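Here's a solo chain for you in structure tokens, the form predicted on its own.
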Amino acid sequence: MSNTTITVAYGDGIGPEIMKAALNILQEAGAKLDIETIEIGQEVYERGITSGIAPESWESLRRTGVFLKAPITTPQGGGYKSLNVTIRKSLGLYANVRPCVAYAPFVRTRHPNMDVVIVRENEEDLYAGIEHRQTDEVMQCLKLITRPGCEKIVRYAFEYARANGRKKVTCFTKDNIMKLTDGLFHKVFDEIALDYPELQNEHWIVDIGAAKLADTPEVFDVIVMPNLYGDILSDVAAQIAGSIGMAGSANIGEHGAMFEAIHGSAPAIAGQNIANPTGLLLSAVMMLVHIGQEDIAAKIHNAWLSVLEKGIHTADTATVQNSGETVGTKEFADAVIARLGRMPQILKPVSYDTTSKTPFTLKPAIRRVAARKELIGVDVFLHWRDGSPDELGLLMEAANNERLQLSMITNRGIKVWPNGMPETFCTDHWRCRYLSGSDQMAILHSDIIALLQRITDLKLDFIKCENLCNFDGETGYALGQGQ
């Protein structure tokens, strides 16, 4: 087998230490790799590159299509974007895969039978990062969920389950509240589940699902979620399995993949030879499987399991009950190297033999025929702090005409006009909904422009507007709370 060229970034904080340890293990295990090194993270940020990655580094990532990445530190405050999010979205790495496995009794956990894989959508949701300050008191972040994005990640989860001998795929959303965005994710899940009749499928509201995951993770197998829920709950799952420091992840797309530990750069312990390299090492194992070096991946993984059985730990997972020897980063890597070729005797040995597995096939998202779209109204958002909802209602009704008429005002989503409740707290951010005055018949964009001009003439500060549309006769917007 010829060598595979990969891109490596040592990162910052504990990144250089754990990357060196992981690469030493890969080399001693016989991984067939050619390595291109790029610089990312804090030093790049400090040179004034707000993305955290130099333009020339993208050439390596796009050329190799395989990225093994150590943790980095993203500076706090405005003006800096998360490099992880930038890389995932720029390269189309839409699937984040995080196995969360318990290694009892050698790593402390309350859930010794836990073996859950969380598949997280990686490109959209609130991580679109589209935020605005709209008034003195209100900030906004847009939650974007797309049908193609849902189709790709949900199908990936089912294909992963089928290819890896899993029995069930579970979907977590909050579509009892976010009926359009999370509702779309759930709807697509139900549609795609029909293509996999041999796999069980179920849906949980994310809050009770998270409680069940924390209490009884054994009931889950593969869980697929939108971006934010997946980010949070994969960390929770990793911690209850044993330790976030032991969890690896893969970021998979059609044109490349990135492999990284899920923990941060931990600058407080950098340079002290105490960091656990396991998260990055298991990420590298996932990378080896991805590039077709399954035998080397299994060799490393089983050696690592043998180290756990021997009671060799770094400080983060060592306890009086499970640790016979607490070692540093380098010494832990040396212990894995010394056991290459050995199999665990108590923990289940790992095999990455793909000859008996169902082929992993991904279908591209289907771009559907455009729906018949009718514009029937508009939500106009105001910055206003001069009175009560009823007073604002009188002002906004003055902008009515036969084409568009005020039907509702909300504040933070709750209806406050007409017939609002005096107990409702109102801030300075208002949504004024205008609908067609003729039984919601279609209007024109020019009608909205004329409405905005009338509102301007009333010397009111509108922030933005959102068109209200029907799609093939189906309402394309949510009601106000309390409406």
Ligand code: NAD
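For every residue, the number given is its place in the sequence shown, counted from 1. Every value quoted in this text rests on a predicted model; they were computed, and no experiment measured them.
FYI, the form predicted in complex with nicotinamide-adenine-dinucleotide isn't displayed, but the following is about it.
Peer 1: Taking 4.5 Å between heavy atoms as the contact cutoff, choose which of 405, 84, 146, 326 touches nicotinamide-adenine-dinucleotide in the predicted complex.
Peer 2: It is 84.
Peer 1: nicotinamide-adenine-dinucleotide isn't shown here, but in the predicted complex which of 181, 201, 135, 73 has a heavy atom within 4.5 Å of it?
Peer 2: Among 181, 201, 135, 73, a heavy atom within 4.5 Å of nicotinamide-adenine-dinucleotide in the predicted complex occurs only for 73.
Peer 1: Can all three of 124, 186 and 253 be found with a heavy atom no more than 4.5 Å from nicotinamide-adenine-dinucleotide in the predicted complex?
Peer 2: The answer is no: none of the three residues contacts the partner (heavy atom, 4.5 Å cut-off).
Peer 1: Classify residue 120 as contacting or not contacting nicotinamide-adenine-dinucleotide in the predicted complex by the rule of any non-hydrogen atom within 4.5 angstroms, answering yes or no.
Peer 2: No.
Peer 1: Just checking whether residue 262 would be counted as a contact of nicotinamide-adenine-dinucleotide in the predicted complex - the rule being heavy atoms within 4.5 angstroms.
Peer 2: Residue 262 belongs to the contact set for nicotinamide-adenine-dinucleotide.
Peer 1: Residue 267: heavy atom within 4.5 Å of nicotinamide-adenine-dinucleotide in the predicted complex?
Peer 2: Because a heavy atom of residue 267 falls inside 4.5 Å of nicotinamide-adenine-dinucleotide in the predicted complex, the answer is yes.
Peer 1: Can you check whether residue 433 is within 4.5 Å of nicotinamide-adenine-dinucleotide in the predicted complex, heavy atom basis?
Peer 2: Close contact is absent here: in the predicted complex, residue 433 is far from nicotinamide-adenine-dinucleotide, nothing within 4.5 Å, heavy atoms only.
Peer 1: For the chain shown here without its partner, which stretch in 377-385, 330-338, 295-303, 272-280 has non-hydrogen atoms within 4.5 angstroms of nicotinamide-adenine-dinucleotide in the predicted complex?
Peer 2: Of the options, only 272-280 has residues within 4.5 Å of the partner.
Peer 1: If you apply a 4.5 angstroms heavy atom cut-off, which residues in 3-22 are near nicotinamide-adenine-dinucleotide in the predicted complex?
Peer 2: Going through 3-22 in order - heavy atoms within 4.5 Å of nicotinamide-adenine-dinucleotide in the predicted complex - there is one hit, 14.
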